[in-house]
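Have a look below at one chain only, the form predicted on its own, in structure tokens format.
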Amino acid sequence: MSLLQRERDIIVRNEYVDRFDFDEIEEFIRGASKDLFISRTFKTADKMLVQPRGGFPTYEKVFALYKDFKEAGVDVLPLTIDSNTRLNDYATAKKMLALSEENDVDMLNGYPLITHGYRTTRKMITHFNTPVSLRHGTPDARLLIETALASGIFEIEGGPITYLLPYSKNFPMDKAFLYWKYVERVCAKYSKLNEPINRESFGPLSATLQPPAIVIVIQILEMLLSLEEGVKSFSVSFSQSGSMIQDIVTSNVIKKLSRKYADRFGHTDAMIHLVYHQWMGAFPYNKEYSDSLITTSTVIAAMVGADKIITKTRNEAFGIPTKEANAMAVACVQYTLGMLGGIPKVEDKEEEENLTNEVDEILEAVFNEEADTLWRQVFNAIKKGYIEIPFSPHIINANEVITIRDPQSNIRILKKGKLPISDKSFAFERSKIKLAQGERVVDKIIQDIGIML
């Protein structure tokens, strides 16, 4: 028995989990419908894939949600996990699920997958025969991913950086790297049985004034950490920034550099996809404005050439969207995409050159760290502040980088902290910033955060 399998046997031996039958699970994945694998859908689709967000506590409500999504023309179904399960608090998840089922009131903010179990959930996944993407936010997702894959969920979002720094304050980062190494190995193992399991990094980060260079660096590093364990299908992602041209520049650079670094590290056979998140910041209370924001982001997604778009709804400002609002958003995005054939290529060579230089400069600093493994190089770089996420709550995050918008709404680096970008690159960033006379930086930041309100 391999060391990985011994660890897996320990992980699934949990009082809140039904017995895992690994032989049966392998047999299921080997014979699973090709339509459940988004890695295959990426290869065969002739359009951008549309995926909403969504999740409810009970099986019945998620089933009804999926039914509405399918009627709206969804390409990829979501399964959003509840907060208790994300925090590995399976006891509370079990209690809250029982209360949700008993009283028909949602006592959880998502689907407690581990509580439901893979045997139950698999019935729903195979019934709809559509790729499902696991959305969670869990630093230690080992048991969750085992359960998801056994259920027929063959796209796994997250990573040791993107599901830690934006979500957690105290969870040890070295443990997160090791726990996600486990996830990558399990995904790689199952990828040999049928179509590849697709891994997707979470590009929005803290969803607040994220400079493209940091977003791209983290996407590439999580991609490399995944590919080195044998994963063959990976999605890099980023979210709408508030500037159309900056989104286009970001997409051009992330596509170019993801391929460059995958090839540089010997992963020439890896399939790399691009995912675009609709606006992840504060939404307007005016629902008509929300509709306009969603339509605009759909147009931008087409301009950046995304392989998949993750949608929002007109109800974002008011709490968890209803299944009806979610389905309507999917239908509207599909309708808009249907009108967007033949979009011209747009580029800004000066911006692309500077962004490319910034990403290369930061990554070279990471790769020059004295460490025996890539994950330790990344870990050391984060501890030194070479990589940091603005507005991250985590204690290891340097919190020295300050970003604001320029007059064209592009996100710029005002203070670079310890980011290892050159004087030339930083001077380019600063040259674009125009503060009004007497304007305080803190007031500008508040204004820039609420740009869509």
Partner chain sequence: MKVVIGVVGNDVHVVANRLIDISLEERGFEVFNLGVNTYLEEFMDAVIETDADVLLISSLNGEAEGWCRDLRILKSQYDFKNVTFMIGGNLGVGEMDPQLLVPKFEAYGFDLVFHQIDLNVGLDRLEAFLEARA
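Positions refer to the first chain, counted from 1. Quick caveat, the model's predicted, so the values are computed rather than measured.
One more form of this protein, predicted together with its partner chain, exists but is not displayed; see below.
- By the 4.5 Å heavy atom rule, the three marked residues 287, 317 and 392 all count as contacting its partner chain in the model of the complex.
- Shown alone here, residue 87 lies within 4.5 Å of its partner chain in the model of the complex, counting heavy atoms only.
- Although the partner is absent from this view, residue 440 contacts its partner chain in the model of the complex, with a non-hydrogen atom inside 4.5 angstroms.
- Within this chain, residue 278 is remote from the site of its partner chain in the model of the complex, having no heavy atom within 4.5 Å.
- Though the partner is left out of this view, residue 167 does reach within 4.5 Å of its partner chain in the model of the complex, counting heavy atoms only.
- Partner proximity in the model of the complex, defined as non-hydrogen atoms within 4.5 angstroms of its partner chain, places exactly one of 180-188, 279-287, 362-370, 123-131 at the interface: 279-287.
- Only one of 380, 109, 357, 194 lies close to its partner chain in the model of the complex, with a heavy atom inside 4.5 Å, and it is 109.
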